[in-house]
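Here you get one chain, nothing else, as structure tokens; it is the form predicted on its own.
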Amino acid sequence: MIGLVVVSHSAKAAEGIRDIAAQMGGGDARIEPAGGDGEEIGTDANRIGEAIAAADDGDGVVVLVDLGSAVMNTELALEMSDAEAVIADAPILEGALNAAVEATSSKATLDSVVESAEDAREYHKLND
């Protein structure tokens, strides 16, 4: 199964997004949070790499990120990782939810999970 990693500057935000995606999107999806930098707001490439390793069962990992250094540190973690993993260019909460739904499909691939996550970029919350 494709694993998911949620990278946020806040550990609480990463854990909360993981919880929402798991409960609403895919109860069986493997979703690992990688938030914060120790006790501070920030991101840590080593923490992200550990989450990628924990989420990887050999089928690949999709990483959802919030902003700024989350992208940079995730790219660094991917360089240090042996896992097949990619960053989805998607809003972190909606993308994680979509990715969790797709990841639980028996036909899910790394590409299909990324595509599902990135579909969330088109969501409108208000009808005009």
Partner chain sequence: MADESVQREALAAAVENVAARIESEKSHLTDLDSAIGDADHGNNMHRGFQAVAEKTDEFEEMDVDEIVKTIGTTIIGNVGGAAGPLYGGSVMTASQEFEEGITAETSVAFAEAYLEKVKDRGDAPVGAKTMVDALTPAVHTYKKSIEHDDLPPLTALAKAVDAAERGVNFTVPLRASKGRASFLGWRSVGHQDPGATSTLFILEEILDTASEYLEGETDVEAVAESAPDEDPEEAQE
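Positions refer to the first chain, counted from 1. Remember, predicted model here, so these are calculated numbers, not experimental data.
Note that the form predicted together with the partner chain isn't included here; everything after this is about it.
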> Among 25-33, 40-48, 92-100, 55-63, which stretch has residues whose heavy atoms lie within 4.5 Å of the partner chain in the predicted complex?
Replying inline: 40-48
> Does any heavy atom of L76 come within 4.5 Å of a heavy atom of the partner chain in the predicted complex?
Replying inline: yes
>> Within 4.5 Å, heavy atoms only: does S69 come near the partner chain in the predicted complex?
In response: yes
